[in-house]
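There is one chain below, alone, in structure tokens, taken in the form predicted alone.
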């Protein structure tokens, strides 16, 4: 199979439906948050089977506002997995709270429930559960531990849009779920995200926090501002893009599942290389297909030389300057982060593209075995 084009790790795609909705917004001469945003929120609510949806400017803003809405403040502790995009910890810091980093389950790269349990103190008010690549964390155990210790659960489901676990969508297990619609996601609004909850009080608090403390928006003149709030409003232009993106959702989800299944079928029995598993039959959606590779950096260089692009995993948060720690009790995240790699996973891939990647990976390991 000959490679006639580069195969990207990810490739966003904008189609005609987005342009149609954008033109409608422009025709209304009101590109701020309005009726298109309300329609987008309602569609997300219907998709995820949740009562309340609040659009915001980014996934990071979603986590920050979720923390604020449940009452996180200066001096509180929030438990965060050591393997996640740094935005998860930054959102805690934005609240004046302390992110407490804990280790991961090596089988999933998600938070280790026992590490979570051991890290709870009198100051612990919440845990942020990250569903890495769309794989479900051990929610049953986490929820039991959280309930026993009166700890709120926030789900960072930035990589888990439409991914299911135990017949429920990820993001709907805890008090609040947070999603990102940045360019490297199943659907994109450029930047932007949503917060979902089934708790009416949290929803009302979120609405105030995102819009200058107003329980209801008026003219911007003689509005009531009952509490301190901020400006994290969405726009109808973003909502227009999101509504258009939802038109392609079903085919994109099907493609991403198919891509992962092909990788699993063709990349077996390779020493020093293993794919993380997804329960596709149970409803999990692979945002990206990821692997543990002993010679990760060498494989990445080899694939890049063939026009095949991957993405290396994040550095553990404890190694980043703002959160630097010794690494004690963070063994698994320290060990695995340098071996973890996301393979090309774009919904624009074809079966042939996936097979080309598989053949290149097998060629790399066959060459190295010699």
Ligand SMILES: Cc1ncc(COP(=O)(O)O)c(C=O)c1O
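Residue numbers count along the first chain shown, from 1. Bear in mind that the values here come from a model prediction, so they are computed numbers and not experimental data.
Just so you know, the form predicted in complex with the named molecule exists too; it's not on screen, but the next bit is about it.
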query	finding
Listed residue that, although the named molecule is not shown, lies within 4.5 Å of it in the predicted complex (heavy atoms), from 238, 259, 180, 82	180
Option touching the named molecule, based on a heavy atom within 4.5 Å in the predicted complex, out of 94, 151, 87, 275	87
Segment that reaches the named molecule in the predicted complex - one of 113 to 121, 229 to 237, 294 to 302, 153 to 161, heavy atoms within 4.5 Å	153 to 161
Interface membership of residue 185, the named molecule in the predicted complex, 4.5 Å heavy atom rule	yes
Any non-hydrogen atom of residue 59 within 4.5 angstroms of the named molecule in the predicted complex	yes
Distance check, residue 66 to the named molecule in the predicted complex, heavy atom within 4.5 Å	no
Close approach of residue 286 to the named molecule in the predicted complex, 4.5 Å, heavy atom	no
